[in-house]
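Presented as structure tokens, the chain that follows is alone, the form predicted alone.
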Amino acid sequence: MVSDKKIRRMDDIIDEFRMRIKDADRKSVFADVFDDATLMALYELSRKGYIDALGGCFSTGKEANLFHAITKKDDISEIAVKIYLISTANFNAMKDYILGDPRFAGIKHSRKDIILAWTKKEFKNLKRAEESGVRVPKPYITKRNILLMEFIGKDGIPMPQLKDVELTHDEAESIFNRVVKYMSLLYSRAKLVHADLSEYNILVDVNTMEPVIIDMGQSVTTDHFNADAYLQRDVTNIARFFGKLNIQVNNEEMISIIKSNKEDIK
């Protein structure tokens, strides 16, 4: 049973979210994201101190929306709140990545079960990547369809995607080499393939000009039946982008380096 006090607090949270809705687009976002179960999960995370104040949505996608939030837990000030959309997420696309993952063998095939597993999957993938030395948003906790992680940015403004950053040739070469190193660490240490890596899923910390790998929900283990195909696709995407910046890339050499855990293409 939920106490009257908790229900009143929950009502306050719902009212606070509703006050942020200024136009029809935001009303649509609210309806898609904040169902009762998600609001209750947010309340529990707030009650445990993980969320002090929820800010605006800074990224929308087919599978999830990302919100900026303030926290006072563990000397962390800003976090990203990723909420997967149970009602509208691309359920069929998710199934191929989940059902071939031995970590999720036996999972039910319903929409809700797949999406809740996907949330846990991204949390686990981020943990494995971080522990392997890959720069990713640090994952903090997951509950139901919500993932709390490090906010890559400052004062509510996220760092830009790689596609939006103007780079000198030296900066492009440095970032390329770092991305290849991260792909190698993912493969050889974390035993993961990103499976959707491109200039859209890499942020650039403009203070250090370091890449940050994001969106790892679809990442698969190296023993997944499609791992090699996904790795080939990742390599093709990275080679295409950096080729436009006059970085010479040989796809087969890049794959060889990734699988042998070398750090740079010479």
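The structure presented is a predicted model; accordingly, all values stated were derived computationally and were not measured. Each residue number is its position in the shown sequence, starting from 1.
There is another form of this protein, the form predicted in complex with a small molecule, and it is not shown here; the text below is about that form.
*Asks:* Would P158 count as a contact of the small molecule in the predicted complex, using a 4.5 angstroms cut-off between non-hydrogen atoms?
*Replies:* Judged by the heavy-atom cut-off of 4.5 Å, P158 is in contact with the small molecule in the predicted complex.
*Asks:* Quick one: is D101 in contact with the small molecule in the predicted complex, heavy atoms, 4.5 Å cut-off?
*Replies:* D101: no contact with the small molecule in the predicted complex.
*Asks:* M149 near the small molecule in the predicted complex, any heavy atom under 4.5 Å?
*Replies:* M149 belongs to the contact set for the small molecule.
*Asks:* Since only the chain is shown here, I'm wondering whether S59 would be in contact with the small molecule in the predicted complex (any heavy atom pair within 4.5 Å).
*Replies:* Looking in the predicted complex, residue contacts with the small molecule include S59, since a heavy atom lies within 4.5 Å.
*Asks:* By the heavy atom within 4.5 Å rule, which residue out of A239, L66, A227, L54 makes contact with the small molecule in the predicted complex?
*Replies:* Of the candidates A239, L66, A227, L54, L66 is the one lying within 4.5 Å of the small molecule in the predicted complex.
*Asks:* Within 4.5 Å, heavy atoms only, which of L42, L203, V220, L197 is in contact with the small molecule in the predicted complex?
*Replies:* Going through each option in turn, the one that passes is L203.
*Asks:* Counting only non-hydrogen atoms, which stretch in 167 to 175, 183 to 191, 79 to 87, 127 to 135 is within 4.5 Å of the small molecule in the predicted complex?
*Replies:* This holds for exactly one stretch, 79 to 87.
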